[in-house]
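For reference, the chain that follows is the form predicted on its own, supplied as structure tokens.
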């Protein structure tokens, strides 16, 4: 199938060099083409350019009139927990009353509460609930997503989560990467036997996950009150023996050594990073590990924001992700993440857009195929409503400006819970 998108106000994030990511001062550079066109062949970007370079094409080709909207590469959300059961709004009220994240966890809330809910939920029901969230994030412009386990905390329930993630990968148009996060918290049954739970993760869970080929990556919550740097190293080493590359939670609650541990083990990304100082920045520079910020979680929990400006000025790249989860960031709206990056972290619009596209793709291991408008990359895109500029995108923080989403080269919409491709009719009509 061929699809021509024309009459755009702007093509945003057009890159011919196929750079893996952008860092430091270069994060403020966002290449664009005003009033451009883009041609898709099957599910790949085949060409693009300014309106006056539009080649002669068969009148039979399917055409999509963007109506002056801006064309972006779809968001790459590199850190989510969107497979979960139920919700935790009662803890939300506890937070309003002044309880901290750690205090709620000590009372059996937090991750342990989600684990209890998930244990009582069938795999089919868990898939149904998760697909509702999948449809939601697609409507917000996400085209690639990483999804973690971690609300199981038993071998059986971790496998249940990862099987649901595998099914999402097979049945939705999203590009999905799966991450095993058995070391998300110490379950109540092991409260007085932390080493026993680490043994379970290493000796039983990891081999079981690997046997079914359910995880691309492995994660550990390396932070105060969760897993130590030493425990994290042991788990990551076990995962590496089965080909699972690290992507870890680090330094959300304190200077935990998680960033240094992640870099030492060649982590693709280290995520959260509210507590990042000069030592951590020095370790990250030139490491190949992507620092990934989750502004929704810090905002929702009322926590300290990570030093994003200091990190960029030191020459680091930054990615941003939603951290979509029921306890600390119950939203997968990546447009809102872009706005939070500007409002809370003081990122320029260009830096924020780079953080959720090209750098987000790198943080998922998708740098060669996603995250930019580049010939040969996957045709995962969205068209906005009419805007005066790309700066308007984060500025209008409460408006959903995503109008049309194209995944794998097809316009997608939702009908009766199923994804139904609706190729627009020939001519200038717009679906």
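Positions refer to the first chain, counted from 1. Given the structure is predicted, the values throughout are model-derived calculations rather than measurements.
Keep in mind the form predicted together with N-(iminomethyl)-L-glutamic acid is missing from the figure; the text below concerns it.
N-(iminomethyl)-L-glutamic acid in the predicted complex is not approached by residue 335, whose heavy atoms all lie more than 4.5 angstroms from it. Taking non-hydrogen atoms only, residue 326 approaches N-(iminomethyl)-L-glutamic acid to within 4.5 angstroms in the predicted complex. A residue is said to contact a partner when one of its heavy atoms sits within 4.5 Å of a partner heavy atom; residue 140 fails this definition for N-(iminomethyl)-L-glutamic acid in the predicted complex, lying far away. Of the heavy atoms in residue 247, none are within 4.5 Å of N-(iminomethyl)-L-glutamic acid in the predicted complex. Only one segment in the set 73 to 81, 237 to 245, 130 to 138, 311 to 319 has residues whose heavy atoms sit within 4.5 Å of N-(iminomethyl)-L-glutamic acid in the predicted complex; it is 73 to 81. Listed residues 165, 270, 153, 111 were compared with N-(iminomethyl)-L-glutamic acid in the predicted complex; 111 is the one with a heavy atom within 4.5 Å. Just one of 351, 252, 158, 146 comes within 4.5 Å of N-(iminomethyl)-L-glutamic acid in the predicted complex, counting any heavy atom, and that one is 252.
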